[in-house]
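Coming up are structure 1 and structure 2: the same protein chain in two forms, each one given alone as structure tokens.
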Structure 1
Amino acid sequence: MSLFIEKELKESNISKYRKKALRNNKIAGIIISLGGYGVVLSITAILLFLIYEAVPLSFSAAIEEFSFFNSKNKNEKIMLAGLDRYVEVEYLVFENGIINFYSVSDGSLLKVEKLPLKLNEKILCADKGSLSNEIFSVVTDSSRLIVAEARMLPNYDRNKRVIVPELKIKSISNLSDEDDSKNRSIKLFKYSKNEDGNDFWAWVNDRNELFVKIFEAEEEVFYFHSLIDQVRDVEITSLAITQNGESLIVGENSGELLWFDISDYNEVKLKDNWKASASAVSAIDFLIGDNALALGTTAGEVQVWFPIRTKNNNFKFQRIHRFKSHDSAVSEIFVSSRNRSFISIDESNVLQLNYSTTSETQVKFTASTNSITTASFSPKSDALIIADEQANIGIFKVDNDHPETTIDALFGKMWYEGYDSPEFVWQSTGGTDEFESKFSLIPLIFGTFKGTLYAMLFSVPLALFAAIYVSQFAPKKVARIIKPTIEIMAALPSVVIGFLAGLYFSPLFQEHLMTVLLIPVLIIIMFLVSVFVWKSIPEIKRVKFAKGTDLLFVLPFLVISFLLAAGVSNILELNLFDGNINQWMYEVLGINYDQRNSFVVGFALGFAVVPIIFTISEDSLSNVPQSLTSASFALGASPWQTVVRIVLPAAAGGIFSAIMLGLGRAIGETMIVLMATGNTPIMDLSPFNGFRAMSASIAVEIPEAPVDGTLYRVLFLTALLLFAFTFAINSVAALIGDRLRKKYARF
């Protein structure tokens, strides 16, 4: 009876233990599953966040009406209009000299100012003279020039912003002292004020006579130039002056453009002339930066021209960009003060929003059924103010945050201002607002794969041969030392490797370039010599040596190769390369040696990748069944034949996975490529030039990128591409690795 009870108790305990084990296994399974799902969800969340930040780059531009009212001055033509930077206050300049400031929100009149006009004096023409502030000049029917500034300064009272408008008169002068041009009607008028405070006026009277007037602020001297003799008997239809006051462009009804150099205030020279169109040039203006010229014709054409350096080292304007044509003649062009955007207006009151860099017409819309008299961008280019002949004023919100990031701009060649041809260029920021952003990702992608290529060329042979030696040839005592040592290398922070590469190895390689280039060649030669010498020893004597002696035998030859390279390099460099191989490469081969280059990065990045490839490859080679190698030896195969014919094919899946993981590690590396290269986004396969990787560009530029700005989102797009590359590489590695393992599973 007691035995039965004891047996029951024992079975009960076993049952409780099994239940506990099953419960623990279930809990462990749940925890492991949650961890796996957590990893998948984390990666998915990262991917979705990158997409969320990058997707706005694909949004197209949009223009919608924000405010509309009538100024109730239908009898007076609106000559100019403008907005403050916050799009809260607008101003209108009427032909009678009245300047009204209105609230954008409700159209209420805030303030009235008046230009100092004489009795019954009217404004004939008006033009803004600056893209950075609301300075303008008017010319009256009394041949007077008045320069004024509409100031709209923010005033903060109890955390509430109030825009305080005011008018400041800058100067008053006459057109000229010559009676011949003084009393004539002005049909075309242009004004500009540069950063030095100098004023530039150009106008055409009703006799088609062209004049230029310049005021030099420092000397307080006026310069007057009559260009009647330099303009042919062709009607002048448009004028444009650069913001810096160095160039004047004149458009004619024959389609010709005249380029005058007005930088020398004492003399105006005709620099060039060319045929721009078969139709009359009806509207022209310089975009921000004073380089690109936006042009419209009576045939509705819209183009952008800028000067290109010729073979004779001269500059000639060339048509670079074309946009969608209007259905009628282009009457006006107004440019943005923030970027390369501009609007073209035709005689049918249809407006087009164009962006110069990408050659895109982004939006086409009709702003009014009446003839448009003037228009203007807001200082931030996020709004348009448009006035028609019935004194109707429309404020339009412009949603165009990322005009410079089309598919072509990101992945194609673009023709940027100042370049001789279309190119792939990454240059995201500049010193001024006039800078033309260049967001081609191709140089970054190229640089990433270039650095990876040189790293893999260095690391794969080294890691693979080391793995073969440790797993197949090295004595166990040696293997126990080598393998952990190489694996410890993986724990070395990449910033330390990058620091050593950038500050120590870069100048060292430059100073001893001949030695560095000789070392690989001499190592191969001396290794082959050592193998030949080892093989020349009779096999009867060789078998008596302990396992691993062959490595000790090779080491002295490798040391000799280093010493020989150091001793011979100076002699070779002196006799073959005129004593300086760096200079010789530049003068003879046209190769420029940058101190921080791909050669150094390949060495440093390869050093970081070696542990990954070595560890996985060595494990795969060591896991090949001993029965396979024993069978190979039994059939009379040598150790090396066994490795090549049996071990390597059997471990091919693991070796391939190791190489692909190393490739993914190299592609995603940041600190080494950041510190060991010059971060120059050039596309050149030369190992002696630098590059710029995607990861390094993100690390360098994201701290200074304005949140939600174009650069900010482009960097997130770059991160998304980097994520896609590494994901694709790892996926391919897994698929091919599995296929190789299945293929050689019979072994």
Structure 2
Amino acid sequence: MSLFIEKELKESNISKYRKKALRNNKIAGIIISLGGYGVVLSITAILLFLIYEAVPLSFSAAIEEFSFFNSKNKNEKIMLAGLDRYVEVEYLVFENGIINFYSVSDGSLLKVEKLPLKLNEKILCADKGSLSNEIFSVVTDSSRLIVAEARMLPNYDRNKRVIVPELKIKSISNLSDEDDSKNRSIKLFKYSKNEDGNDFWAWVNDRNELFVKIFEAEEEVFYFHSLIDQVRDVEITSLAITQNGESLIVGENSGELLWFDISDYNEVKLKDNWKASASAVSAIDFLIGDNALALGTTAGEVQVWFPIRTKNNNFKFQRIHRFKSHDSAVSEIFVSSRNRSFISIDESNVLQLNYSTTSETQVKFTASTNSITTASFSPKSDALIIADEQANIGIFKVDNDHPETTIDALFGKMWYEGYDSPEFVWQSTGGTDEFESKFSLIPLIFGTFKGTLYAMLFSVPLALFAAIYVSQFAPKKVARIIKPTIEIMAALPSVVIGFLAGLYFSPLFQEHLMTVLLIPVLIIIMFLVSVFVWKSIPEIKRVKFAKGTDLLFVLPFLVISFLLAAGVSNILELNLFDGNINQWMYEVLGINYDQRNSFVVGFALGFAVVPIIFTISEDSLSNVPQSLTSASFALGASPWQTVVRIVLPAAAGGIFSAIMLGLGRAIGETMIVLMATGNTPIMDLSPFNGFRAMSASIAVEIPEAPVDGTLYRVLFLTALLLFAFTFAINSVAALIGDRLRKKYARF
């Protein structure tokens, strides 16, 4: 009875055990499979993430309206409009001197301010004077100039941001102290306030007379200049003053431009004049940086000009960029205070968003059905405010995070401000906000391949010779020591190699350049001598030498060539190269020798690449079946003949893979390149200067790059390119290596 129960118990135990085992088996199976898929997942995750970060670079800009309301003040013309940093508050300046601050979200009136105008005094023209804050100046019909600032500063009330709007009157003066009887109508008006606080006004009255007025803040002196004599009888159609108040540009009906130098406050000089277009220049303004001039004509052309140094060291404006044409006359140009974006508006109220560096017109749309009176970028250039004559106010979101990166800008030559011609330039950050970012990846790609080229030139022959010798000619005992030695070289941390290259080899090579240049020559000469000596040994004796004798035989010749190079170099240098070959190279050949250069990098990368090529090709050379080589020997072939005809073809697949993997390592290597080159992004194949590689650029620049900014994404694109290069190389190595293996190894 009890036996039966026991048996049943046992069975139930067993079945419990079995159940548990089966369950564990199932769980383990799932987990292990997950591990397998995990590998594929990780590599796809890396790839997808790189793409995910890089793709927004190619998104085109978009402008969409997100707030629209009517100011209900239809009788008064809107002279100016502006937004605060956070696009929460906007202000409008009306013809009668009223300044209203509105909330962007619901259009509610937050505050009303007033410019100190007399009864029935009206504003004729108004202009903003600064790109960094909302300072503006107005001119009234009683010839008064008023400068004021619309301040919209954030106030943090328990972590909640509240924008506090207020108006600050800066100064009030008369148009001209000498002669204010001419209460004439002002047709064109421009204002600028520079960093020193000096004010600059320029205006044209209805008699086509041009005046300039300057206020020097430190000395509190006004300067007034009448430029009536300097302007010919052509109607002036547009004006522009630089932010720093150094230049004044006048656009004429004839399509000509006049460039006045107003940096000397006592005297205004005409610097240059030139014809920019066949039709009237209807709108001009300087882009941020005070260098590039955006220009629109009555024919609808939109162009950017900037000064280029001429042969006799003068500067002359040249047309650099042309944009999509408007269908009707361009009436206004407004520039961004953040980058080289500007909008051009034509008479049929079509708005274009242009980006100077890339010559791109990014967006074109009809902004309003009524005539547009004024518009403005928000301080961060992420929004636009547009006002029309019906007092409709539209606020548009500008989605334009990466205007500076088009395919052309990343991979083509671009004409940057201050350059004489279009060039490939990588210069991602500059000292000031006005800096024009230059994101050409070509110098980086060039640098990477330049370093790789020198590394491969140096390592491939060395590694292959060594592999052939070790696998075919070396005694087994020697091979057993040499192989791990070179394999360990592969494990040497690249930071150590880079450190030695940067701080030991480069100064050494620079100091003993003559010796370094002599060594390869002398090695070749001494090698030929060694061949000659070897030949003079009778063949009967030679054949009897033990394996590996050749190694010992060549060694003294190698040592002698080094000693000779060291000994002779001083004498040669003194007698042939005026005592200093570096100097001589620079003066006679025009070659500049940088301490950290491609030559050193090639040598240092050799430490990383040689062991890879050596190990893999040695493996495949050793794996050639002995039956093949024995057959070759039996037919009377010499060892070398066997190697060339039999072993090398049979191992070709492995050798090819080895070289490709070495190439992949050289392309991706970061620390050596970072430490042993000067990291200057120049494009020059000379072995005696440095370069900037993609990998080093990523390592140096990514910690400083603002997350999701253009530089951040461009660096992800660089990483993606590196990934793609190495992926391609690996795949080619695998594919062609396999094919070669099949083709030659089917004996």
Partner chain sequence: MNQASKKFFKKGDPYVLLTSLGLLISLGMVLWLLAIVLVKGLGIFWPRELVQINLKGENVYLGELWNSGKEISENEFEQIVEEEKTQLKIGNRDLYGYDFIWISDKEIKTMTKPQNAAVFERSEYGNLYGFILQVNLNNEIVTDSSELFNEAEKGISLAHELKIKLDEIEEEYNTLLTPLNKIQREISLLKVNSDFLTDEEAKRLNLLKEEENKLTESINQPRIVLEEKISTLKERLNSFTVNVITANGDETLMQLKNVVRLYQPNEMGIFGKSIHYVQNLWEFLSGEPRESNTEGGVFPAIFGTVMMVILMSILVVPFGVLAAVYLNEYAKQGALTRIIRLSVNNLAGVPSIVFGIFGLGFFIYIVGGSIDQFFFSDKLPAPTFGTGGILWASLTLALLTLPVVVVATEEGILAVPKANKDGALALGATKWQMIKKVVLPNAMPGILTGLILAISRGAGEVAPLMITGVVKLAPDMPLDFNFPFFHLDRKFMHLGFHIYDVGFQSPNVEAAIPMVYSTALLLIAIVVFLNLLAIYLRNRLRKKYKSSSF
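If you're wondering where the values come from, they're calculated on a predicted model, not measured in any experiment. Superpose the two forms; the largest set of C-alphas matching within 1.5 Å is the rigid core. Numbers given to residues start at 1 and step along the sequence of structure 1.
Between structures 1 and 2, only structure 1 derives from the form predicted on its own. For the motion between structure 1 and structure 2, which is treated as two rigid parts shifting against each other, Asp261 and Ile560 share a part. Treated as two rigid parts, the chain shows its smaller part rotated by 29° relative to the larger one between structure 1 and structure 2, based on C-alpha superpositions. Comparison between structure 1 and structure 2 places the CA of Ala21 16.4 angstrom away from its other position, after core fitting.
Its Cα shifted by 5.5 Å, Gly35 is compared between structure 1 and structure 2 on a rigid core fit.
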